[in-house]
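Coming up is one lone chain in structure tokens, specifically the form predicted on its own.
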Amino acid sequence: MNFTIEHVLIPVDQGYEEVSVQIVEGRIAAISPNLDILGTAIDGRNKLLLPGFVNAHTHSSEMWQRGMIPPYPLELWLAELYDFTPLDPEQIYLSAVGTAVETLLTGGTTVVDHLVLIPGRELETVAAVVRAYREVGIRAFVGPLIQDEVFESGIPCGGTEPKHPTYLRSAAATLEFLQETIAQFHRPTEGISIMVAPTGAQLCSDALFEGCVELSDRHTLCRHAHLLETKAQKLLAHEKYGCSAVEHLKQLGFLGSQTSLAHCVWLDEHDIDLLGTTRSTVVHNPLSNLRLGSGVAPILKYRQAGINVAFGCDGAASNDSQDVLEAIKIGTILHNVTDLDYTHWVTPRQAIELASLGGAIGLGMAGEIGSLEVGKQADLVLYDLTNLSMLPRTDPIGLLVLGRPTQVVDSVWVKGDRVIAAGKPTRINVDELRSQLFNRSQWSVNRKSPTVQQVEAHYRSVMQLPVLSIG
């Protein structure tokens, strides 16, 4: 559908300008103060138009456990998560719908789903989220979360000889699954892209990483992984490789301009140099890093080193939401306490650019999305500046980033298709979604994870924490 957004505010170098924006066949055709109406007229008065954000790292299926997992560090948190992961593709579908809707309603037009798979039903899992994202209308990069080492392998040995069982699926079998996933679901022109997405060096063999690199090169796919999220992962990398995980991934050829790496909390100066020279992207997930006590990623250092940075919500059980604007706010102001030189701090406009163009760069999509430019695809968000949380009138982007905007998204377009109108999804029934999420869940507290009980003492030992008293 062709349409023209009239009299809308857009940011320019010296403030804001009121313009009209023409969209033709899903792309921005013109931006000017004086344009004739082409197609349907959209009233943009008292509204702000921005490029859509990229929710550059999440795990959609975690929605079923949000608000439930106790205050644990990542390694124990994962044990709890995996003990209670949903095993029903319909639940996977519903949580992907919920993730997409929350992302859209907080300014996101693209989601990167590092998808936890149902064992033995891996293709069904991917099919469920692809169906969800198509129905809602969001642009999606789906990276099946793969590994070929068991959970316990992700905890440092601490000098003991590790004796871990064999993982349920070999690297070769996993790569065959990925090849089939690509053949069935990789449709970038339709808004669905498959990524190669090993969970991280802590649970993946070199063979799996090398196979992912080969598939990525052969099919021109983005690469995605967790990287040095916790201190335990840094210790483990030195146990396994005798060098940092960043150095090892560089040796394996995994780093590059279409590689995005979630967290990156525990990098040293050499690691930072490697990410800069390989033009890899760091995905900043401030809320989960705080929730899990992982640390504060040195984002200001990354920016000073010329590294591209994007924002992610992370999964809905480590955040525990999919509010992109909340992630942007925390990820912006958190770093004001890490550097006394305020000229290094992230401004609201810089934060918006990281969330949109930074995310696009990390996905190799900077030529297509991420900024308001003629010729780019119309992944656009219209914000209501008369909303109470955006008043009184000061700086619209300042209010959006530094304030607490609620229900401020008026409309969202993805590839020129209007998927949010008047603050509501146009393709799905939110009341029905709410009902299904309610009816398929129950109030639950104080559940016990058997895996946490098995590994907690060892974890505390290798992390040099006091022995827990019994009783």
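The numbering used is simple: start at 1 and walk along the sequence shown. All values reported here derive from a predicted model rather than from experimental measurement.
Another form exists, predicted in complex with a further copy of the same chain; not displayed. Remarks below refer to it.
- Interface membership of His270, defined by any non-hydrogen atom within 4.5 Å of a further copy of the same chain in the model of the complex, is ruled out.
- a further copy of the same chain in the model of the complex comes within 4.5 Å of no heavy atom belonging to Thr174.
- a further copy of the same chain in the model of the complex comes within 4.5 Å of a heavy atom belonging to Gln14.
- Taking the partner from the other structure, a further copy of the same chain in the model of the complex has a heavy atom within 4.5 Å of a heavy atom of Arg291.
- Just one of Ala127, Val296, Leu252, Leu300 comes within 4.5 Å of a further copy of the same chain in the model of the complex, counting any heavy atom, and that one is Val296.
- Proximity to a further copy of the same chain in the model of the complex, defined as a heavy atom within 4.5 Å, singles out one entry of Met365, Leu385, Ile307, Leu78, which is Leu385.
- Using a 4.5 Å heavy atom cutoff, none of Pro33, Gly416 and Thr426 lies near a further copy of the same chain in the model of the complex.
- Note on the interface: of 356-364, 343-351, 242-250, 119-127, the segment with non-hydrogen atoms within 4.5 angstroms of a further copy of the same chain in the model of the complex is 343-351.
- Scanning 433-455 for heavy atoms within 4.5 Å of a further copy of the same chain in the model of the complex gives Leu433, Arg434, Leu437, Phe438, Ser441, Gln442, Trp443, Ser444, Val445, Asn446 in sequence order.
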